[in-house]
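We begin with a single chain expressed as structure tokens, specifically the form predicted alone.
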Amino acid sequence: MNAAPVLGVIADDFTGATDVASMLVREGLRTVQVIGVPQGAAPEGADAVVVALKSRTTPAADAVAESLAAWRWLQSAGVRRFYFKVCSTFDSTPAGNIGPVAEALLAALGGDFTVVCPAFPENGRSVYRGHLFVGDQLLSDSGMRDHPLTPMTDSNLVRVLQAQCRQRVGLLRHDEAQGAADALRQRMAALCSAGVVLAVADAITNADLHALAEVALDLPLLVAGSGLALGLPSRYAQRGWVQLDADAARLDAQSGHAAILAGSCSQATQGQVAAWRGAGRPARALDALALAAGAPVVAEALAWARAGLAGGPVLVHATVAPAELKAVQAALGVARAGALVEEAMAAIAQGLVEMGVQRLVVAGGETSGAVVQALGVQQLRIGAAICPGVPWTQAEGRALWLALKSGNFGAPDFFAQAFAAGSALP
């Protein structure tokens, strides 16, 4: 067993952190996720450590400072390789935070070139000629165009990233290499010689990601979604850096109550809430306007949940259609509306755990961050995947499983699927 982690991942939100950790565990790396930048030593026996930050939508300067603090901690732990995990839909704004953080990390590592690849084919995210597709749609035509915090209206990742960066952004085109390692290396060298510092890499299949991992293995930093992580563990093992563990996803069994908190308004989560309700399962909606007016929304939701938990999992959601979301944001402001929902979900999570909930699904990156912080979770063990990109995790030292789901991930029956995997459905 290696004395120090081989891979250190800096993730810009909590669901993204569990997403990439799940990919690493699936491929045999013993992986631990820590919440925020730790103060102590790295977890013992971990091949990979994922630092989960809540930096995707913070001011760029704050995101850079927090990411560099995470890098310094990982470096002090003896990590060999670094990975900046971004969303597979490249969630960001013209100000960042992907570009500023990537440039800062690369400079700290003394690097002059890296690849950027959010592709995750298993979840329908692919990059071709620098354009990001969500299934058959360009990113700009997908539901991400209506994201309340990071609306993605341009699918050209070179253009999106260049707007955030001071240094030159280029494109590593699929048709110029066809996944061949030698051709990829030659193209990367040519881009670097031409002054490109960040190269958006096309990837359509897992085979493309494996080829990219092969040639990018010795870059000081990788900037990617979780898909690129699939190609790393086997190559670390080939170098003798790790011994892969087929039982890396082991968690302690739990038998307490189960619940769902959904704060995301993405199309996928809307479909999941509708499917749960359509199956006649218990659900309660939160009213952001009532929260703003000071109504006892949290207390009422907890009283409702207490009465229903004995019958099986319950769902509390702030998920609404785009038109209703825009109306709420117009009345309260985007920041206040989001903060009210996050605070309410965090308080409800605390109440549910006090009631004996031991399996909790949380939908939405911002909601997941608020819930994990409110519950005082410092470290997560990574279990088996419910679906690509969403594993069950266990709060270290506690009888609590958490499934932190990106709002965009999962099939319509994801909530039922999660509890079937966790043996919590009646």
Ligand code: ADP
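A quick note: this is a predicted structure, and the numbers were derived from the prediction, not measured. In case it trips you up, residue 1 is the first one in the sequence shown, and so on.
Although it is not shown, the form predicted in complex with ligand ADP is what the next lines describe.
**Student:** Please state whether every one of the three residues Leu149, Gly263 and Ala288 places a non-hydrogen atom within 4.5 angstroms of ligand ADP in the predicted bound form.
**Tutor:** All three within 4.5 Å in the predicted bound form.
**Student:** Do Pro282 and ligand ADP come within 4.5 Å of each other in the predicted bound form, heavy atoms counted?
**Tutor:** Outside the cut-off, so no.
**Student:** With the partner left out here, check for me: in the predicted bound form, does some heavy atom of Glu103 sit within 4.5 Å of ligand ADP?
**Tutor:** Contact with ligand ADP, no.
**Student:** Just checking whether Ala318 would be counted as a contact of ligand ADP in the predicted bound form - the rule being heavy atoms within 4.5 angstroms.
**Tutor:** Residue-level check for Ala318: yes, a contact with ligand ADP.
**Student:** Spell out, yes or no, whether the shortest heavy atom distance between Ser67 and ligand ADP in the predicted bound form is within 4.5 Å.
**Tutor:** Judged by the heavy-atom cut-off of 4.5 Å, Ser67 is well away from ligand ADP in the predicted bound form.
**Student:** Among Gly338, Pro121, Gly143, Gly231, which has at least one heavy atom within 4.5 Å of ligand ADP in the predicted bound form?
**Tutor:** When ligand ADP is considered in the predicted bound form, the option within 4.5 Å is Gly338.
**Student:** Could you work out which of Leu325, Ile204, Ala274, Ala181 is the residue within 4.5 angstroms of ligand ADP in the predicted bound form, going by heavy atoms?
**Tutor:** Checked against the cut-off, the match is Leu325.
**Student:** Name the stretch: of 206-214, 303-311, 340-348, 235-243, exactly one has residues whose heavy atoms fall within 4.5 Å of ligand ADP in the predicted bound form.
**Tutor:** Going by heavy atoms within 4.5 Å, the stretch is 340-348.
**Student:** Who in 356-393 is close to ligand ADP in the predicted bound form, meaning a heavy atom within 4.5 Å?
**Tutor:** Contacts from 356-393: Gly364, Gly365, Glu366, Thr367.
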